[in-house]
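Read the single chain below, which is given as structure tokens and is the form predicted on its own.
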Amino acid sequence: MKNDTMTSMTTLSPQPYKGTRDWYPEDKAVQNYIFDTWKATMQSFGFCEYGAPLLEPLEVYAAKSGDELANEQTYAFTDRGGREVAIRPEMTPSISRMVAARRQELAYPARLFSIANFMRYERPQRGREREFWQLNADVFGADGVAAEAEILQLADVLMKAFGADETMYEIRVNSRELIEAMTRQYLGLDETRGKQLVRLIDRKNKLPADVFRASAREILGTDENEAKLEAIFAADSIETLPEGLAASDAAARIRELFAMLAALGISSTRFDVTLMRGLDYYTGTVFEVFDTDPQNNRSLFGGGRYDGLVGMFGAEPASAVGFAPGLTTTELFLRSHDLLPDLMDGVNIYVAAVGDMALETFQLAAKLRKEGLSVESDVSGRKFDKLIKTAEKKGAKEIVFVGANEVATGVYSAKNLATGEERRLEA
């Protein structure tokens, strides 16, 4: 009977759920380093940390995040109370809801940040996972170009906090107001076709050139519009945009933004008329930070202005601007530029029992910890060479053996595992 039970048991896979990852100590050390750097930088700008629920009503995302995110990428289900809920795929709707709930109590500008995990059901690939961690940085109640300049300054400082210089990354900037002027006034598209064009341009670099041209032709409708779009794509600055766009109010605000960034000494930014940012809720400046390494030439994170979300929750509207760097893309950037420090710092002393000395080993370890040292105990009773190999593998700096003679005299020898030198230790 016992054998039948054993053979009928299913062997479980040791692998994590597809698109997620396990965090072994060496991985956790990298995660903590990135999180600590994020947190210190945010606090240096006066941001306060908050937390939000893992679950939200599905309607929170369906209302403003866009059909692809709400309908195709969200982990959604009906809970036992019959409510349609979702595991959060992003933080912006949640923090907007929280601001709306305390709209009259918060001090503005409200600078808020969180470091949290999210889930999206999409195809896992390098730099993109189904469960992902990111920093969420948002400023509420700050209008105008100055707020956008500050958030871009923060993004630039955040990159430099990891030791990056401005040759390693580039911040590309555009404006949803300019995009609206381009699609509605300059190209004469209705709202539906305008949104279609925005989504198409957002995927431009992921599509074959002929597929993009054919799709654009279908949306644009005329040869004249196709020529206008080509002229727009040829612009590498505000000044080289077609005259009808370069003279717009939206273009004037971008000029003001770049003037402020230059005065702040930020030279990593450039105008990119093709930058769309796919989420529907953006209303003003949008930007993305790109890695310039040819081996990791990708968008690292992005953000922008979104002034409409707080008002959706029944509160007085509040302007907002923010961004959200991801953990995995940040790690890839640091690795591609060799910016990760040595993070696996082992214990100061590895205290190992020789023979039946478990209690005495624990007592010595306790005394050493009171002196401010990090100490790991080993009472396995293994041979000297195996104890030394284990201590080396764990990254310990010194090893101390606890035997009968050492206990009797109260004098121990601490061996440096890197140099082999020994020093006298009394306890």
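Rigid core (definition): largest C-alpha set, two forms, superposition within 1.5 Å. The numbering used is simple: start at 1 and walk along the sequence shown. All values derive from a computational prediction rather than experimental measurement.
There is another form of the same protein, the form predicted together with another copy of the chain; it is not shown, and what comes next is about it.
Proximity of Ser13 to another copy of the chain in the predicted bound form: non-hydrogen atoms within 4.5 Å are present. Taking non-hydrogen atoms only, Tyr121 approaches another copy of the chain to within 4.5 angstroms in the predicted bound form. Not displayed here, another copy of the chain is kept clear of Ala209 by more than 4.5 Å at the level of heavy atoms in the predicted bound form. Looking at Asp307, you'd find a heavy atom of it within 4.5 angstroms of another copy of the chain in the predicted bound form.
You can rule out all but one of 326-334, 78-86, 162-170, 222-230: in the predicted bound form, only 78-86 has residues with a heavy atom within 4.5 Å of another copy of the chain. Not one of Ala252, Arg270 and Leu417 comes within 4.5 Å of another copy of the chain in the predicted bound form, counting any heavy atom. Residue-level contacts in the predicted bound form: of Met276, Leu187, Met98, Leu300, one residue has a heavy atom within 4.5 Å of another copy of the chain, and it is Met98. The listed set Ala235, Ala246, Leu339, Leu264 contains one residue whose heavy atoms approach another copy of the chain in the predicted bound form to within 4.5 Å, identified as Leu264. Contacts with another copy of the chain in the predicted bound form, taken as any heavy atom within 4.5 Å, map within 376-411 to Glu376, Ser377, Asp378, Val379, Arg382, Thr390, Lys393, Lys394. Comparing the forms between this form and the one not shown, the C-alpha position of Arg184 differs by 2 angstroms or more, with the core used for superposition.
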